[in-house]
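You are given structure tokens for the same protein chain in two forms, set apart as structure 1 and structure 2.
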Structure 1
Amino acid sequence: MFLKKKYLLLYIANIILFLTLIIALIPLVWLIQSSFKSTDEIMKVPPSFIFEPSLENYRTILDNGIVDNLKNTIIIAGFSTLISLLIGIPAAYSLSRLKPKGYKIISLVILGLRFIPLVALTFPLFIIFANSGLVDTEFGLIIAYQIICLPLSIWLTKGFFDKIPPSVEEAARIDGCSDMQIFWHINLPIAKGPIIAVTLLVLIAAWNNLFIANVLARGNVKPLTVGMQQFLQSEFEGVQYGAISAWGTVTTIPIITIALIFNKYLIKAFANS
């Protein structure tokens, strides 16, 4: 009797968890589904589940420059991530393993930068960029995105290097390997999994960012997040619900796909952050 009651609790817990999962998935599923609805279909409340799929919304977003915006997002988020790794991995390795003078203070400053409000860094960059013609350029945005990407990449990578026990490099050291060889041939291969995870986390942050691009991208290099606003703002034509769904779908699908492919690394990274 007592046991039965306990099993019942377990079942209830299971049900609660799956109900929460459904709620958590509503935005994605509903978003994709709505993107294939015609204007008449989309206005139905409650929403219909069976309907004739239409590509109307995708035609609308094609006419509104989704291809350019997607291209901008891929370039900006991709290169921002790449640069933050190229700078971040050596920096993290140095702080974690080679411990130069003042490494504790440097580490603390970088940790601090991770928590700085974006407004505090984006506006001075805007003025500097305005004076050097970098506003509304891909290069400028990639540099500015380091506000988010670089502290994240350094701090997470450093955390992983810290966890590699020093014993793994002792044998190599006795064999006369230099610091660079140890970095390149021993510690970097060990950290491969974590580095994939860091890449994902940085990429997600860069892909999804609105604020920095909203300040620094005018017309030429708008990423998807900035482009999405046009459908919420168009006061004269009314808000375009279908286009919002289609635009959101295009923004979401690539990053979700990548994240789900590498979900193992991602969960580990979150758990270790």
Structure 2
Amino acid sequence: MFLKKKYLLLYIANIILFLTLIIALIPLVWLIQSSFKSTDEIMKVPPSFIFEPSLENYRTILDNGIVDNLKNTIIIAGFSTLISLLIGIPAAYSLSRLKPKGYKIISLVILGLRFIPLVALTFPLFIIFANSGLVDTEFGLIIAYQIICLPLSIWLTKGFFDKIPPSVEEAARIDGCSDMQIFWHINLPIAKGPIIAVTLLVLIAAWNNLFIANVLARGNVKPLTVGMQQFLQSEFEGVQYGAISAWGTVTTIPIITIALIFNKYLIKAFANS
């Protein structure tokens, strides 16, 4: 009786997960499908699921600079992620293991940065960057993105370092290892999977950011999220839903592909968190 009840609950849970997956995929499928439709086809009520696909929307976004915007996004999101990890991983290890003076206050400040509205930080940053010549530059955006990337990197990585048993490090110290050797040769290899997961989450946060980029980069270094806005209100055509769908598809597919490639690390990281 117990086994039957267990299998019934498992069956119900699988059905719920399957339905959740379907619901989550509907917007993505709709987006990709709309990217091959004309605006008139997109606006049809009820919507048509059988239609003649067209590449016109993709030609439109190619003519409107999506290649340059994609290049900007790769550079800005990539270096933002790299810098946040180079600073965040040692900082997380220090807070977790070395516990410097005032580390609890430091931890709360880092966590608190995630709750401060971006508008409260971005506009003062704009004034500073305007006086420093960093507005509308890739370097300026990479620095500004640390507002969201660095706290995320430090806080998540610290949580994983906290779960490494201290006995592992104590055994290494008995063998004569220094703190740096323990960090480099023991903790980093143990936390490899979680660090890859954190890298992916930080990359997604940087890749999808709109608000900071919209304030600090509206010229030559526009990322994909900012570039898409040119189709929201055209002087002659109004909102170009097909071009927006094609642009959104190009923006979404790379990050989804990366997430699928490294999904096993995400699963392991969150299963052990």
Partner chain sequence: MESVNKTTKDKIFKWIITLLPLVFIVAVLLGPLIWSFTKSFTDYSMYRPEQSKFIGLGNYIDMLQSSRFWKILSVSFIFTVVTIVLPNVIAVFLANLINMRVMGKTIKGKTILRVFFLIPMIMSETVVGAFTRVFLWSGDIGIINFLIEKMGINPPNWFIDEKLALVVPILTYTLIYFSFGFIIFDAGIRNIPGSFYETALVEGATPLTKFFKITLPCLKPQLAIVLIITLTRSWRQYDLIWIMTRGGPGLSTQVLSLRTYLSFMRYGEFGYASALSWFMIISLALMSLGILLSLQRGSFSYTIEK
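Take the two forms, superpose them, and find the largest set of C-alpha atoms that agree within 1.5 Å; that set is the rigid core. Residue numbering: sequential along structure 1, first residue numbered 1. This structure is a prediction, so every number in the text was calculated from the model and none was measured.
Student: Can you tell me whether structure 1 or structure 2 is the form predicted together with its partner chain?
Tutor: Only structure 1 matches the form predicted together with its partner chain.
Student: Taking the rigid core as reference, does the Cα of Asn14 move 2 Å or more between structure 1 and structure 2?
Tutor: The answer is yes; the displacement is at least 2 Å.
Student: Using a rigid core superposition, assess whether Ile23 undergoes a CA shift of 2 Å or more between structure 1 and structure 2.
Tutor: Yes.
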